[in-house]
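Next comes just one chain, in structure tokens: the form predicted on its own.
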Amino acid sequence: MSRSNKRHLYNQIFERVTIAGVAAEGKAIARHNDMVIFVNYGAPGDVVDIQIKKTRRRHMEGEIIKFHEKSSQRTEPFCEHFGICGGCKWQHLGYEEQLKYKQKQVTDSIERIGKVDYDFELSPILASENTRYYRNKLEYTFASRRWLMPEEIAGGEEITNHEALGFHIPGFFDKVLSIDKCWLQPEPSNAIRLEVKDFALKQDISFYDFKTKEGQLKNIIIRNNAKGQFMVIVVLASGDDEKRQLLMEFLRDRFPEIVSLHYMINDKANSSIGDLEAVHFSGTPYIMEEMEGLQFKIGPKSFYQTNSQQAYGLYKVARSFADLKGDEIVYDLYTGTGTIANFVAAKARKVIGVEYVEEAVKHARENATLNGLTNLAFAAGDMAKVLTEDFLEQHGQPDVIITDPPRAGMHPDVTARIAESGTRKIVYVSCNPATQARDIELLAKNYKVTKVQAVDMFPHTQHVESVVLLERI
């Protein structure tokens, strides 16, 4: 059925539809006659009424408006903001079910997109020991007008508490849900957020208005390490320096757990901070993370895997797949701040890390020096332009390549250069199994998938990390 023929189905209700499975982006999938319908917060086995909200060329999107039967896979969400803030979309599924669907997402991508039709060694997905309070970084947004709940609007009473400090509502750049309790980061993360909001209101420090582009407070970023130490970065528009000073002093004095305190001035219309200077206000300029005795500096803008404990498991899988003997030249592509490069250096002759962000490379070099590693070298630049034949000749032909690209995967030129490099092994770490599988297909002429390991870095979400070993044919 074409999209134009589907338009009359907008707002139509289909009754007693069975949820058949879990699809991409965390949605559930249902079928009505010959039509595919995607819905949020469904569990396979649910029998529901669905109201159609969008019609697409190949599918429709709907909303569950009534349950007739609830799936045995369903569990009670533990967060009061579930279904509104847009995060933790799988809280309604039991954790074992989540793992099953994540494992399937990885294998389906490799087989269907990567067109891998032969046997490979598939390990059970690596579950996260902590399924709550597992994140080491959260970013909250200030807004002068918060998202109103339907019951508030229906109540008809005057709304007096307009300000919000929380998360953006999915699909709305200017709508922010005020968060009472988030289960993602350990305390005092919630206390910091709530007390900052209360202090700002009492001191009449204005919250940002996304429409008028006015207001001083824009964002607060909270980071922590395994030792229970915290870093806080407050992002403000330029404005009243005295009030900014009051807020920063309040944070410094109220929370001894904050060992690193910073602020940034952002007068742009967007919230990106990559080009902003972090002004160090008090404490140390960074916090430290440790892994197998290795030390890593975490600055205000440093990248570090947001689930520290699972990052250790992920890196152990990557190192195991590389199976280094001590005499190899290893290339670590998209090295970030050099965590994987540092992690495998003791088992390699030389490790070459390549990363686009120059500041990340600076941190990678600092981490190598901090850990006393002398067999590491780093280069900054566009991967497709850096990874040339001349570069390979300068640093040596790689025996093993470890690559951990962003969600978009690797540029075709990079994939081609890897295929031409002659490396014996490629350890491909990915946060997007679909783009990983696409790149695997491009490498298929020269390399064969031999091992696959899924790693759950983000419980209660649809996201999954995938580690694949490809060996030269």
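Start at 1 with the first residue shown and count on from there. Worth saying up front: this structure is predicted, and the values here are computed from it rather than measured.
Absent from the display: the form predicted together with a small molecule. The rest refers to it.
- When you look in the predicted bound form, the only residue of G422, G45, P406, P412 with a non-hydrogen atom within 4.5 Å of the small molecule is P406.
- Proximity to the small molecule in the predicted bound form, defined as a heavy atom within 4.5 Å, singles out one entry of V116, L184, M383, C79, which is M383.
- The putative spot formed by L236, Y263 and I298 is not touched by the small molecule in the predicted bound form; no residue has a non-hydrogen atom within 4.5 angstroms of it.
- Stretch 298 to 306 is the answer when you ask which of 298 to 306, 365 to 373, 238 to 246, 90 to 98 has residues with heavy atoms within 4.5 Å of the small molecule in the predicted bound form.
- By the criterion of a heavy atom within 4.5 Å, I340 is counted among the residues contacting the small molecule in the predicted bound form.
- Residue contact with the small molecule in the predicted bound form: G336 places a heavy atom within 4.5 Å of it.
- I205 falls outside the set of residues with a heavy atom inside 4.5 Å of the small molecule in the predicted bound form.
- Contact annotation: W147 falls outside 4.5 Å of the small molecule in the predicted bound form, judged by heavy atom distances.
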